[in-house]
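Shown next as structure tokens: one chain only, the form predicted alone.
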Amino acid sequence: MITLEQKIDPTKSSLLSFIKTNRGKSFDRFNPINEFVGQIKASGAWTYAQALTGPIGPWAQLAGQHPDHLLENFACTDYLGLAQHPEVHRAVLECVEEYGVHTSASPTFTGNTSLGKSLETMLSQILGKDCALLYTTGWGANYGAIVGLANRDGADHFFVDAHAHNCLRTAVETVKGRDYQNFRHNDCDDLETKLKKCRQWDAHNGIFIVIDSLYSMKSSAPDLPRILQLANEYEAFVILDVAHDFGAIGNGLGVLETIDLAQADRLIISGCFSKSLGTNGGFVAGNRAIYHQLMLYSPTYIFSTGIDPIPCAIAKRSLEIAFSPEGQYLRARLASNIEHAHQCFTDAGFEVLGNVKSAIVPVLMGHEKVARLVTRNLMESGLLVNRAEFPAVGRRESILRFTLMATHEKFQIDRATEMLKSAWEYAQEELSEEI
């Protein structure tokens, strides 16, 4: 283990300290955040913005390290291992031969390919929706869905789960400023109370309920049947981001398997390809009535160059695999790894968060200083894992977010547990007087 060379100033223990400091007319306004980052780097606890060499997989090598120094990789979100799949790689080569590499125009104009259109059809069929539109990123799809569908005069009402993803919340703030309501995380009673009050004084304007199918910091899922029941009762639309469970959980539909998709007319589904499907890109799927509204008013659609053919080819081939017997095998293997990780971490005395056993396995670290020192020593020991701290999670609720892949082996999880326990014990001893 390496020692803590520099203590971190407790008055600057999180990024919150710098949220309101970016003022002034010179570059000096950025000094506080640069000083904070410099301090973390000096302590050896800076583990962000790592560059990998070689393809994604259960093992990773960081740029600048010795070629023989491989780390166990629990930091990437290739849940089914499809970015590593030879048939997916072959689809890229075939795509380049037929479609080239770039669309070179907005999809509202000519920035489409027949490959992309067939992918839209495939998505709408899998999701039981009338139509689907492709976006260059999942973030852009979520943002574009909300901003594109909302009333331009701000008359619509938005109710957002307290743990909703940044792209959803940023989109709502673009439309409404701060004039929207959070409801307590996964609390349908709180949501119903707010919906009822809203409809009592506004019976006419639109209501949007904004949720994730799997919340990525705490591995929790909503009661989707109840939320859709409330949406029908109060004539609201539901925008559901399926980024983290689509393709990876159950039979491939994740939380959508808890409802009758044919009856979920008020449900608008957004998502991405970057978790289970091996590439960048996103989509919005829903009732045919939303198609032209998004095509003409969604800013991240009309004002972005259309998604390129290569990610379309990857996503299409990945979908074919994901919703095939091979996909079921990969999900079963992933589920087995997830179960093993939960058992190992729990047996080692750690608290694993979440009400869903998903590919995201959040292990509670608590104090930010502990989490930083643990991740630093894990990298030194040969383990790569992502750390989340405030404001991504609550104060003193830092986590290590292990992301499991179908291609991981059980012995890697065993080794990761041993390294985590050793690093945790070291951090507790080193920081015993500070936390």
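The first residue of the sequence shown is number 1, and the count goes up from there. Keep in mind the model is a prediction, meaning the values are calculated, not measured.
We do not show the form predicted in complex with a small molecule, though everything after this point is about it.
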TL;DR on 170-178, 82-90, 111-119, 269-277: the one with heavy atoms within 4.5 Å of the small molecule in the predicted bound form is 269-277
Partner-free chain; cross-checking the small molecule in the predicted bound form, the single residue of H165, K129, K316, R331 with a heavy atom within 4.5 Å is H165
In this chain shown alone, the residue from S124, N337, T300, T137 with a heavy atom within 4.5 Å of the small molecule in the predicted bound form is T137
TODO: Indicate whether the small molecule has at least one heavy atom within 4.5 Å of a heavy atom of S304 in the predicted bound form.
DONE: no
Exercise. Are any of the heavy atoms in D212 no more than 4.5 Å from a heavy atom of the small molecule in the predicted bound form?
Worked result: yes
- prompt: Does at least one non-hydrogen atom of D241 fall within 4.5 angstroms of the small molecule in the predicted bound form?
  reply: yes
Closest heavy atom of N73 to the small molecule in the predicted bound form, within 4.5 Å or not? no
### Contact check for N142, S216 and G281 against the small molecule in the predicted bound form, heavy atom at 4.5 Å
yes
